[in-house]
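Only one chain is given next, in structure tokens, and it is the form predicted on its own.
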Amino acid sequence: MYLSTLAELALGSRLKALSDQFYAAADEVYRACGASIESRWFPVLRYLWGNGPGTVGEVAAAIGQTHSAVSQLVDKLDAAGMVRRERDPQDGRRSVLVLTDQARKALGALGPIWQAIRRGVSASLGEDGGRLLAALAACEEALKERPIVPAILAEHAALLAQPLEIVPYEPALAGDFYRLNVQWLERYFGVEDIDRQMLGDPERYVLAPGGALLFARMGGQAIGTCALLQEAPGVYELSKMCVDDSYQGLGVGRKLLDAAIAEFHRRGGRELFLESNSKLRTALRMYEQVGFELQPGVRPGSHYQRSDVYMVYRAPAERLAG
């Protein structure tokens, strides 16, 4: 399942999908058993049935929903003849929610259905069901003690406060060169044989022929990389540029690109080119901003099946002279 691969990022979406599935199952059971109730009504009706009249605020606090959500649901229950609003006999300034006789009659007949739901869920989920209920209870308590929004914002601030550094290759980074590139290639295209060869042994296929490898690092973790491949004396290809998905939007790619161009100049390079794909529009705009110019057609003798863009770098002074 795709959402499971996103882990914490999709927690709300996965819980919403499960919630919808359980709601739909309960509604189907109610219909099959001839019960005049909807699953989404259950929390409010069950609370009022067990605790007596209460305000919207009291119900919302008890069932963990917002005041607005409960108020909207009460409007539907009122229209369905299940709940009515009455003045609180002890405080005429506020209203309380009261079950109607219709609701009490409907709820009074649901005991066997609720028991069947308990048993059916247990039979379907097995021990996982019990663990899920325990995990939900633990999650609810944890969120009371440690609200999630401040925790996320604190982590975001800490992330942005970490310095970004561009560092050259060292043997300990070989695995990161492979990991980052495979992650990027599998997301957009697929890994070709030439990729596997280079990624598996960068010292042999990048460094030994006179190229260079650069890495972007934050908090000691490699989050991006790129390579300068020397095709001939003074002729370099910008290649294997990628940034970890989790760090997109921090300007990492641009800093890597600037560092690669600076390394090209430091080496006295006379030609720098790259091959890319037309669907990578954001990356192509970035290349154009630093001086890469689109060439007609693909590069003669291109090694990559995915390449349909060929660009050549011209330094600012060259562009002005031109």
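Note that the rigid core is defined as the largest set of C-alphas that superpose within 1.5 Å between two forms. From 1 onward, residues are counted along the sequence shown. Nothing here was measured: the structure is a model prediction, and the numbers come from that model.
From this point on, the text means the form predicted together with the DNA, which you will not see here.
- Taking non-hydrogen atoms only, Ser278 never approaches the DNA to within 4.5 angstroms in the model of the complex.
- Taking the partner from elsewhere, Arg94 is found to have a heavy atom lying within 4.5 Å of the DNA in the model of the complex.
- Residue contact check for Leu284: none of its heavy atoms lie within 4.5 Å of the DNA in the model of the complex.
- In the model of the complex, the DNA sits beyond 4.5 Å of every heavy atom of Arg254.
- Of the stretches 71 to 79, 185 to 193, 153 to 161, 245 to 253, only 71 to 79 has residues with a heavy atom within 4.5 Å of the DNA in the model of the complex.
- Between the DNA and the residues His67, Arg270, Arg46, Arg266, the one pair within 4.5 Å by heavy atoms in the model of the complex involves His67.
- Of the residues Arg104, Arg146, Arg85, Arg131, just one reaches the DNA in the model of the complex with a heavy atom at 4.5 Å or closer; this is Arg85.
- Residues Glu38, Arg40, Thr55, Val56, Gly57 are the members of 31 to 57 with a non-hydrogen atom no more than 4.5 angstroms from the DNA in the model of the complex.
- Relative to the superposed core, Val290 undergoes a C-alpha shift smaller than 2 Å between this form and the one not shown.
- The rigid-core alignment places the CA of Gln162 less than 2 Å apart between this form and the one not shown.
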